[in-house]
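We give structure tokens for two forms of one protein chain below, kept apart as structure 1 and structure 2.
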Structure 1
């Protein structure tokens, strides 16, 4: 092939083969990576059936007035076709600024934010404290690790039902408070104490994961850094602030992000602890369930709209959080 260089522009002409079309590139990629495509195809199919289709179906329902009264259903031998209609963005407008938007959305949104912030803060602080303790040379350290990981290993419904028995009026917690002449809170009846109880149970369930993750991060910090800090005269707090916390930064950023996402969508603890008896203690995800499956008629459209709003909130938060972390890492690198 002859290559011609234009002296005026300096560009090469005729030296590069024409770019193949999309179909040819697809055939080339298939011939080159067919094994990888074959290995990932089952996962793609499963994700498409279990995640993509329900997601697209849910997004479509948010633009309708679908309820259990106008959806397609079969009663005996009779099949009734769906009669719900397309109503555009009315569901979102009604949820966000409708006549009772505060009671139906904003109050639950604010409580969800408070719930998430307090739970993740307690998870991190208690988990870090226990990780620091277990990172010391203690006698029986392996036994302590097993005991502290136990709440994480027990199925969630067993843990929550156990807490229900302990928090009941005649449970062990109120009995102990009565024994020392302290007032007995209505853990499962009063809104404030319901929320307090939910945070207690979620903290109990979430601390082991944070502890194990941070303990792994602590053990990856080079001990030479601590020795150098001690030689420079740094006290325990200065070593913790200037060596431990920077060494845990990458682990902390990941587990905090996961903790926020999991706690924001924590359905099991609230649902199993209160069922439908605590409307003011419901977070957004359990409130969406109540709308779609816990009342009559079931409001599928509004429940799906809550789900889309939850997904949107988490996507925005994750994007901002990752950008904030990237900017901090760039500043530290400088």
Structure 2
């Protein structure tokens, strides 16, 4: 019956003496673990009903040609039944190697990868730099810290509107660029500048989280290590390479993974910054939304197929990432 605090036993599974019959084992497991199962039951039920069931239904939809024209709908008092049909893997084939696959999927896919990589890199580098600065004995560092957290404190949808005012043609950013005789790009209209603007805004929003997390990590590094390194004659760079970075490893690997997942799925910034005015600056998530809800007729099947593809990409990536961490004997902090 003692299930509480048996963290160690989870690891040595198997290797026990002859296994008892299945019924016996079931009874045993029930007696031993029913507390655990009872306690996790609420979440399991919620996940089953709110996540698994819709997910399975979504996956089924991807094998059909469902659009808003042939789905079940109610117009006034008339209820029209769904008339969409099962078409197998056609949606996936069309998305991945159909006639315009490059324009629709692969170009957005490439941009999504570039977007994720650049954003997370910027988040991490700027966040780490600021965290290192804030970790010194410096007058007013609490004050700096409070201000630097601000972008995180303000809801994203508010800040994006603020940025839209600033980036508008004739807004403050272009006025300032004009004043110093620099060219003033069309931030919200030209594809390249739209992408730049999106990265800028997302970097602005994402740095505080990285900074605060890494600052937490820095503060948990034992100062004795630095003293020892200094005794051994390590210079600042060597201390950073050999004490700071290894000390941050588990926090870093966690926040980078979270950052990648969040940026890859970042919906609000691009959606609110451009609406549907920027077909080429859409990342896969916002593109999938456009297909499913931002056009007429709504293409439910393809939108769902994009969703499934996106999720698969992330799951594969996360598995590889975790395996890679495990090989380097690192652990996620979560």
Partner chain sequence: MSTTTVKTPPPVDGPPAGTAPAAKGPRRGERSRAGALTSHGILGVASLIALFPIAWLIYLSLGPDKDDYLHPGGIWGKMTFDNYTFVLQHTPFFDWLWSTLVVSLGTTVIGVLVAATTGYAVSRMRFPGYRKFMWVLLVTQMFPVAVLMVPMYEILSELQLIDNYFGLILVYCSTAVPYCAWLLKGYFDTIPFEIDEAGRVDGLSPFGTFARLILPLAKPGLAVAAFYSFITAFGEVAFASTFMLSDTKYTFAVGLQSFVSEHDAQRNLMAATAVLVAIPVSAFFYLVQKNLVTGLTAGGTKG
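Residue numbers count along the first chain shown, from 1. What we label the rigid core is the largest C-alpha set whose atoms superpose within 1.5 Å from one form to the other. Just so it is clear, the model here is predicted, and its values are computed rather than measured.
Between the two isolated copies of the chain, the second is the form predicted together with the partner chain.
Comparing the chain between structures 1 and 2, the rigid parts pivot at a hinge, and of the candidates 190, 57, 113, 145 the one placed there is 57. When the larger part is held fixed by C-alpha superposition, the smaller rigid part is turned by 9 degrees between structures 1 and 2.
Taking the core as the fixed frame between structures 1 and 2, we note the C-alpha of residue 48 moving 2.7 angstrom.
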